[in-house]
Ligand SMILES: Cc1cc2nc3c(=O)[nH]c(=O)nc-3n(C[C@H](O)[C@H](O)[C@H](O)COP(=O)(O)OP(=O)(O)OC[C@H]3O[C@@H](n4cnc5c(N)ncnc54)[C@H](O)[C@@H]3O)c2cc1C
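Listed next as structure tokens is one chain, alone, in the form predicted alone.
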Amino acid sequence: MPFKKDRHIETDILIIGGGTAGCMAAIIAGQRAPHLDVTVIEKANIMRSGCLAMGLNAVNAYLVDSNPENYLEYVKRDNYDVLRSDLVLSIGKRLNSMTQMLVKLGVPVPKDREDRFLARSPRSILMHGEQIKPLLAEAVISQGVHVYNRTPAYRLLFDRTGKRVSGVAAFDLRSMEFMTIKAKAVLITTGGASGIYRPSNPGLARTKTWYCPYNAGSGLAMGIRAGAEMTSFEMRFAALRTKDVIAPTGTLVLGTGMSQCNARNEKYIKKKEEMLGRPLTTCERLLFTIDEHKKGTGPCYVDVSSLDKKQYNDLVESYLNMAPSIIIDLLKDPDHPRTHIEICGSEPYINGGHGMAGFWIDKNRRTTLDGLYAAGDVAGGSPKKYITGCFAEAEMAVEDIIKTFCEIPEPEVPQKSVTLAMGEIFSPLYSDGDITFTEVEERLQKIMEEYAGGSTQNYETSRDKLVLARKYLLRLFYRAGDMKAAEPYELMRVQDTMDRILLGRVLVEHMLARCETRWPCYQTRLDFPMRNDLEFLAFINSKMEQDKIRVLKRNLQPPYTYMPIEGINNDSTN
């Protein structure tokens, strides 16, 4: 089923991805540079797209009784000292102003009698955010921004020099048009990736994941194919969530003050904190939950038995703003509501908002490709930024684009590049292949689950397993070229699957390269169970060069110079 025709669009600022960061970038660009033409393309619909499609019940990065420097120290401790301090600090300085922008958009953020936001922690406040995406989308449209929904993008386009990103190749799933969009500046805000590992739930429930199941990491894959430098893919993110419905445990623990306990009703998290004399890091809370299972004292729960009726109703109301599916589970029997809510770890994700994986960027959110910016979950180096941090990065990127706009050359894209991109994207429509994207996706998830530290493996792996994963993924990469698509939706799923395979390959190379255990569960090497600050207090980065993934190592301090890579397994067979 060939596409009907080509469509060529030219704009000033192109935003790829209409999720949280993308919508805010468009709003800010429209407000501060109304003379510029701004375009957003989104694979779904900006009204309910991205990881906040269902809403949000808290602003998890707001400085209540803290300051940007304290925020940086908190993130540094939680990330075991490996992070881009300059990026995190720049985000910290804008968190509260970004929260005020949410309020101006009409998102209800409750306050106390003294007109202060209701705090859940020193860095978190309550929010009634079920309508956050519709409100963002309406603000985008009101700014006169051009929005193309149902328009996935898969290839970056360069100018005639081959050095500057000048647009993107995309296709419209509704009009069946191939789209070439040229722009003076391109900002990627497509988010991270789910679906690389086997989902926590099987069958029809497989889309019940923590991270948006439709986030395939296409923006990351576009950058990798184009030669952009990536960072910290080995620092995966696995969320500690309620079992089956995968609702947030923060709503239970921070929102109610209730404790995590094991099957014997022992408050194991509290015991660990008392023993260590400090709060646990985010990955430690998952690690010690896994340990309870290993010791035979699992499964683990959040005990809400002491909540009175009002507190329980408040808990239900809070979930309505973010994860309404858990309410069906909580109130199966309204006369006997659940008192112990089982918790477990999710499958791992590539994520730059909670974790640190993504594009290597500078303080203005410029990637290593001229003309290309990255913000939000797709931007690496700055973990725990959450919604307000994603907003802050979008603002910084747009500010730099506007500031330098007069110096940017007019976009030009050679027809040869367009033809090549069209051939790569649409080849599955004409394929004589014999396999489907679901078959390839299941094989990818089996490889990653069993050899690259999936949840059923307690997130643990080793060199020998990773080398096998590398081998199997390369075979799958070539075999996936035989995938066939019969219509536009299938074509999108085929391209998403190819992107996930590429991200899996990069992830395995990063995990092989870091010969230590820096972030337990997120990155656990059984053959290197301890941290090694002597050799690996550094960034593990990568670039794709001539279809090979080259692993790099950068210094932890500015100017982040490259370091010798002795000891890093960078086998050319990847």
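Predicted model, so just to flag it, every value in this text is computed and none were measured. Each residue number is its position in the shown sequence, starting from 1.
There is also a form predicted in complex with this ligand; it is not shown, and the following applies to it.
Distance criterion of 4.5 Å from any heavy atom to this ligand in the predicted complex singles out Tyr386 from the list Tyr386, Tyr459, Tyr319, Phe178. For the options Gly454, Gly129, Pro428, Pro152, the one in contact with this ligand in the predicted complex, meaning a heavy atom within 4.5 Å, is Pro152.
Put simply, Ala538 is far from this ligand in the predicted complex: not one heavy atom of it is within 4.5 Å. The shortest heavy atom separation between Tyr211 and this ligand in the predicted complex is within 4.5 Å.
In the predicted complex, this ligand lies within 4.5 Å of some heavy atom of Lys43.
Of the heavy atoms in Gly358, none are within 4.5 Å of this ligand in the predicted complex.
Within 4.5 Å of this ligand in the predicted complex, a heavy atom is found for none of Ala193, Ile350 and Gly504. Note on the interface: of 159 to 167, 413 to 421, 370 to 378, 195 to 203, the segment with non-hydrogen atoms within 4.5 angstroms of this ligand in the predicted complex is 370 to 378. Residues of 14 to 35 that come within 4.5 Å of this ligand in the predicted complex, judged by any heavy atom, are Ile16, Gly17, Gly18, Gly19, Thr20, Ala21, Gly22 in sequence order.
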